[in-house]
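Only one chain is included here, represented as structure tokens and corresponding to the form predicted on its own.
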Amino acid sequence: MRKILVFMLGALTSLCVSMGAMAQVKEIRVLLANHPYGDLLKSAIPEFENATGIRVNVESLQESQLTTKLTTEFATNSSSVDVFMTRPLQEGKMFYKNGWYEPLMTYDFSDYPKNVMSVSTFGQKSYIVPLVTEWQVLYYRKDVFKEAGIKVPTNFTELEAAAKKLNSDSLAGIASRGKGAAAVTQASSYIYNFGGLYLDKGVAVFNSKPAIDALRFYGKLLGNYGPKGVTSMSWENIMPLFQAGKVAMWTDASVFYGQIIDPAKTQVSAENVGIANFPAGPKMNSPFIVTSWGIAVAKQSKNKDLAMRFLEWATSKELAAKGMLANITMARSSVWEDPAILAKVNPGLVETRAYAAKFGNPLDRPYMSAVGEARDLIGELIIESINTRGASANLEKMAKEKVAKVNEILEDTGEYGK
């Protein structure tokens, strides 16, 4: 009898150990971007772990590092990533064509606008849940404008005049991204407002006269009235300058408002930071409004059920509401219709979103698989224009050469004319 009891106890112990081992398998690996919403998710993950018992191994990376890491792991079929933040306009086509996204067949997308979903859907299936939308706005110093006695610019003529008047040795009249490829997204609205495009029906056209005129204007503004060293600056370099009171105007994405007014980081009080519609150009006023970040499940994931639970939580209305209250411009429609939320959101964000949603362009870069290569090529034009203050004698020739190279890339990827 004792031997039987010993055997049963041993078996029970083994079973408990096995069950414990099975419980420990309940974990996922999540890659997030160093982005305000990525930070919000990261801080909230302990709540998810406590509620579900799922352990989340999370990594946060800069956007370019995130893309590189995902591409390397997926391409070598060595990835253990289950869920990851992703940029639909930057890598969406490439990741889809390589089969790296898991189709989200059971997710309810009814709370997302159709134009937002256009870059998350391929064929009849959706692969990415939109997280954050952003549109181009004009940030400006209310106190500086009041002291100078000028009104907020509503068109490019007024924008240039204001930049010129406000510019001084201690204050840049205007800032926008000048760092090559990083500047392409912000130059897009300038190009649209001159009547140009990067691509038209799968063909590169940024050597058209409207596009060249826009690039010259962009270069003239930043070359004459921008911060010193602007051709090495992206948003993360410009924001501290604005917060330090060294920039009068800044055209960039709406998503940065919350960071700009962070009292722990800025010397400019929130009441002195204004948000206005992006100024109109000679032809139109169509600033970009894009799905800047989404989240997806990896096709290679071995924990797809757990991954979907995390994705559902990470994109919930509750977290979207928290994002809005943290001045993150979320993609869900319902949070932009909730009076309780809107009462606490800067009216400038609400007003500029309403305008961009009605009149904006859903792209802020060439929409193609090899978008990184195209951005590098266009970025060279932007730097050339800034360095010559818009007066480069070689800009048209350079643009023609870059267009030819982008069209070759489109042909190589089978996307030319499509």
Partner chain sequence: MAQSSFTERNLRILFPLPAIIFVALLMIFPVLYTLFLSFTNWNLTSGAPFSFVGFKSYARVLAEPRFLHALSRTFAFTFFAVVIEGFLGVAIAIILNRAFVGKSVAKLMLLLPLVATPVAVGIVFNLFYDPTIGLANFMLQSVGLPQGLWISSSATVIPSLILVDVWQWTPMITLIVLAGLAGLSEEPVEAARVDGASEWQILRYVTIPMVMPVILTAVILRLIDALKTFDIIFAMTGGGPGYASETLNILGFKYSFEYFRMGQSSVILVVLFLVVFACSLGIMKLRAASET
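What you see is a predicted model, and the numbers here were worked out from it, not measured in a lab. Positions refer to the first chain, counted from 1.
Although it is not shown, the form predicted in complex with its partner chain is what the next lines describe.
- Shown alone here, residue 304 lies farther than 4.5 Å from its partner chain in the predicted complex, counting heavy atoms only.
- Among heavy atoms of residue 372, some come within 4.5 Å of its partner chain in the predicted complex.
- Its partner chain in the predicted complex is approached by residue 229, whose closest heavy atom lies within 4.5 angstroms of it.
- Heavy atoms of residue 383 reach within 4.5 Å of its partner chain in the predicted complex, making it an interface residue.
- Relative to its partner chain in the predicted complex, residues 220, 224 and 285 are all farther than 4.5 Å at every heavy atom.
- The chain is drawn here without its partner chain; in the predicted complex, the stretch among 372-380, 359-367, 388-396, 39-47 whose residues come within 4.5 Å of it by any heavy atom is 372-380.
- Note on the partner interface in the predicted complex: the residue among 140, 156, 100, 310 having a heavy atom within 4.5 angstroms of its partner chain is 100.
- Among the residues 71, 208, 115, 333, the one placing a heavy atom within 4.5 Å of its partner chain in the predicted complex is 71.
- Taking its partner chain as positioned in the predicted complex, the residues of 380-418 that bring a heavy atom within 4.5 Å of it are, in sequence order, 380, 383, 405, 408, 409, 412, 413, 415.
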